[in-house]
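As a starting point, one isolated chain is supplied in structure tokens, in the form predicted on its own.
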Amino acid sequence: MTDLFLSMKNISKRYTGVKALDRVDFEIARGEIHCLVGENGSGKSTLIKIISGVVKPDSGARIEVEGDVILHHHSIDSILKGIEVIYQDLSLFPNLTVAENISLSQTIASRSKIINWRRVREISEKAMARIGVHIPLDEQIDNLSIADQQLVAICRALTSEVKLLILDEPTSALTRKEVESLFTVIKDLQAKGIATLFISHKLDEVLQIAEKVTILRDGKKIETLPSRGLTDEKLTFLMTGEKMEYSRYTIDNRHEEPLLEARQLSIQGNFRDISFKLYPGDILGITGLLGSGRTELAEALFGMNPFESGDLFIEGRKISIKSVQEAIRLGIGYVPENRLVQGLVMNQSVAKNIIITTITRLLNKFKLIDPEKRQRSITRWIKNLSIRIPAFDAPVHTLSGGNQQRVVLAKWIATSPKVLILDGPTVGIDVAAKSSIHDIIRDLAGRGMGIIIISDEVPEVFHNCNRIMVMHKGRIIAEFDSTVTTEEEIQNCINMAS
């Protein structure tokens, strides 16, 4: 009997003139930890959907699961064969309890008109025992951290006889400590003979957890390689076909007046005694674990949750920001981490999303939007930020993650801010798009804008910020000058605080 669990040959899929996959071969063995990488649009999502039976491949494909040829592959066939997918959104019911979410599939499968609550708890406890986690069964899902929700989703998958677990960007909202916990779970599953297919843009994590890595580019498989011996640089080259150059951002601007100065800013329960200066051309990095107060600080600076004590100055003038409107008027822009919920109106057009922050500047004497001004503004920002779109009126949800992030940047850059706060500017974006976003940020700083980057990716702040602050439990515990520090020193500071 072969150790091969899944074998796919000659997998192609075309959508209205676009070839999402082009004669891809893929296989994964029992108990193997395999990572799938590639830029947005490389075909990763399509391949996952074909494996899970959501999408049918074009003719000529051959799929075998445990040696059996699959002729008519549907979602239910995939589940019955032991294939489970956990997508980024986790597909949990926030208003139900942990036990109800974990046992849901089994409860539905029983077709009983009366719920056996003892059975619900037994199913949930058994699933959690398989990976050695303990989460209160009666806790409502929306009260849990993202990491615990991730574990609940895995437990739900384990209520069936899962043999291949597919995790789509499972670490995008996890802290480093939570990532390590998830990796422990994945290795425990491996010890039980369960294979994992792991999809991620975070190449350091790919190299840490994977035994094998398959690289897709433009719908084609480039290579499948053992992870041992691979580097970030080699993976990036295989994914993009280009060699990425990483340089450090430095600037000597301390003789200038600060654009923004914070003195002892505090909000009870969020952060306290936050002091820093942001100069023209600065790219100030703020890093630390999730829950350190980073996002709360950004929201306070933008007037979403005004600080309770301390002083804030813009260009030497003491100010008080009580609302978002005041922040915008004072020259502060904010790109939130969750662009899908807070940054964009997903069902509206690219054009409407870009002009939403500057509508008042586009009005004519009759207080109506001037069509020519509107068109000039939209065209300008699409061109300046190289946003790839099929049409101005295309819904923004149809764009790639990198292009969506460019739209968010465009709408705030259009306000001509003095200070731009970017919370997780490259979350969920592939390596080439990340590099492009970083180039835009550096260009803005080069024009004298003060920029704050909030990120839990140490390489991101190390390479793109001239100063880096580490936050922990609502306080700044260390500050680094990027010219006289290392990634390891910053990461060790974070690890020691956790």
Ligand SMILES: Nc1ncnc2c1ncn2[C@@H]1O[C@H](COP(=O)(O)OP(=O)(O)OP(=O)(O)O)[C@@H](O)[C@H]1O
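Definition used throughout: the rigid core is the maximal C-alpha set that superposes within 1.5 Å between two forms. Just so you know, these numbers come straight off a predicted model, no measurement behind them. All residue numbers are counted from 1 along the displayed sequence.
The same protein also has a form predicted together with the named molecule, omitted here; what follows describes it.
Using 4.5 Å between non-hydrogen atoms, is residue 435 touching the named molecule in the model of the complex?
No, no contact at 4.5 Å.
Is the gap between residue 476 and the named molecule in the model of the complex 4.5 Å or less for some heavy atom pair?
Outside the cut-off, so no.
Would residue 423 sit within 4.5 Å of the named molecule in the model of the complex, counting heavy atoms only?
No.
Contact flag, residue 193 vs the named molecule in the model of the complex, heavy atom cut 4.5 Å
Because no heavy atom of residue 193 falls inside 4.5 Å of the named molecule in the model of the complex, the answer is no.
Listed residue that, although the named molecule is not shown, lies within 4.5 Å of it in the model of the complex (heavy atoms), from 136, 390, 94, 371:
Result of the distance check: 390.
Given that the named molecule is left out here, which of 357, 208, 88, 145 has a heavy atom within 4.5 Å of it in the model of the complex?
None of the others qualify; the residue that does is 88.
Proximity to the named molecule in the model of the complex (heavy atom, within 4.5 Å), stretch among 461-469, 44-52, 61-69, 440-448
Only one stretch qualifies here: 44-52.
Between 310-331 and the named molecule in the model of the complex, list the residues on our side with a heavy atom within 4.5 Å.
Going through 310-331 in order - heavy atoms within 4.5 Å of the named molecule in the model of the complex - there are no hits.
Verify the C-alpha shift of residue 387 between the shown form and the other one: is it 2 Å or more after superposing the core?
Yes, the C-alpha position differs by at least 2 Å between the shown form and the other one.
Is residue 442 one of the residues whose Cα moves 2 Å or more between the shown form and the other one, with the core superposed?
Shift at residue 442: below 2 Å after core fit.
Given that the CA-CA distance for residue 216 and residue 387 shifts by 3 Å or more in the model of the complex, does it become closer or farther?
Relative to the displayed form, residue 216 and residue 387 draw closer in the model of the complex - a change of at least 3 Å between their C-alphas.
Closer or farther in the model of the complex: C-alpha pair residue 403, residue 166 (3 angstroms or more):
Closer, not farther.
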